[in-house]
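Let's start with one chain on its own, the form predicted on its own, as structure tokens.
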Amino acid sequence: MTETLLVTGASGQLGRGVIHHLLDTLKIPPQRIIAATRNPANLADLAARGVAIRTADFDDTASLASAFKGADRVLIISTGEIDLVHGKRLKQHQNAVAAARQADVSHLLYTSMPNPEPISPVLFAGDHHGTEQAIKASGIPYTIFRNGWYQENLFMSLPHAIASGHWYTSAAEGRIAHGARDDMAAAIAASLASGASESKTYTLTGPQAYTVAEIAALVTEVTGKPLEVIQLPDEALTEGVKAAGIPEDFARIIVSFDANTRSGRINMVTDAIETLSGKKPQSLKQFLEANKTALAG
């Protein structure tokens, strides 16, 4: 197998994780790997290992087509450009799909989210749904990874909650199976390197789904610090997040995650990570134990 593998967003956490697993876990020769980014200077370490570094600007289709030239399998990692008014991220992703067609890419891979259909409470779900539709319409064989929420996302809420002893949420009894970002990177890398040509969609999750109350109980067990869960309506939670200094648009996105959990649209547990990577995913308790100091001080 001598296919050339390209990863966009290669300077981001997930992109770097995928390339790490290509090089170090799967032992893919660096000459077969292209790392694409807006900021090539950030990837000097990968260049030193023999990985090809290319500039890719998602706002410029010509730049993307040039970056993708000669790549057989292209992984599009969703960008961080969340613009709820102008749909900037969806347009960026559509640019990438168009560029992949222009470059005659043989297989397109994409990082989406679970259940991104328009009825999703998550305010940016439409970006992912629209991208999935564009990929399917392109005629290029594809692999879509519907990445569940990362365990690392808990760093956004848990340190403050643990410090105060109160965790405010609107998720009610909804469950979520947080997964480790590195486990998802390993699964994505394995699929990228597999040469599989059939179109597939995988939902990547952690090994067990928990309610917020159950997560809080695990936190207390691991840290020894009591954590009371306080359920609020969405609007009250939004006001609380804004009062913490978060801009309103982003506060509403954060609260939409809880609404999504409450709706049951992210309560699934799959074995896709282990199926693809051959490795059992890290449990939530293992994550909390490994990060106890960072979370609880």
Ligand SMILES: NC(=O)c1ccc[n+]([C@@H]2O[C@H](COP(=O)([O-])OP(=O)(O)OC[C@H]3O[C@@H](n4cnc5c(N)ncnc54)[C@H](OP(=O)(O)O)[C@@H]3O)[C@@H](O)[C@H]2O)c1
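Don't overthink the numbering: it's just position in the shown sequence, from 1. Everything numeric here is computed off the predicted structure, so don't read it as measured data.
A second form of this protein, the form predicted together with the ligand, is not displayed here; the remarks below concern that form.
- Comment: 37-45 is the region of 226-234, 267-275, 239-247, 37-45 lying near the ligand in the predicted complex, near meaning a non-hydrogen atom within 4.5 Å.
- Although the partner is absent here, R89 lies within 4.5 Å of the ligand in the predicted complex, judged by heavy atoms.
- Not displayed here, the ligand is approached by A56 to within 4.5 Å at the level of heavy atoms in the predicted complex.
- S11 belongs to the set of residues with a heavy atom inside 4.5 Å of the ligand in the predicted complex.
- Taking non-hydrogen atoms only, R181 approaches the ligand to within 4.5 angstroms in the predicted complex.
- Comment: the ligand is not present in this chain, but in the predicted complex one of T79, T203, N95, Q102 has a heavy atom within 4.5 Å of it, namely T79.
- This chain is displayed alone, yet in the predicted complex one of N147, S120, S191, T131 has a heavy atom within 4.5 Å of the ligand; that residue is N147.
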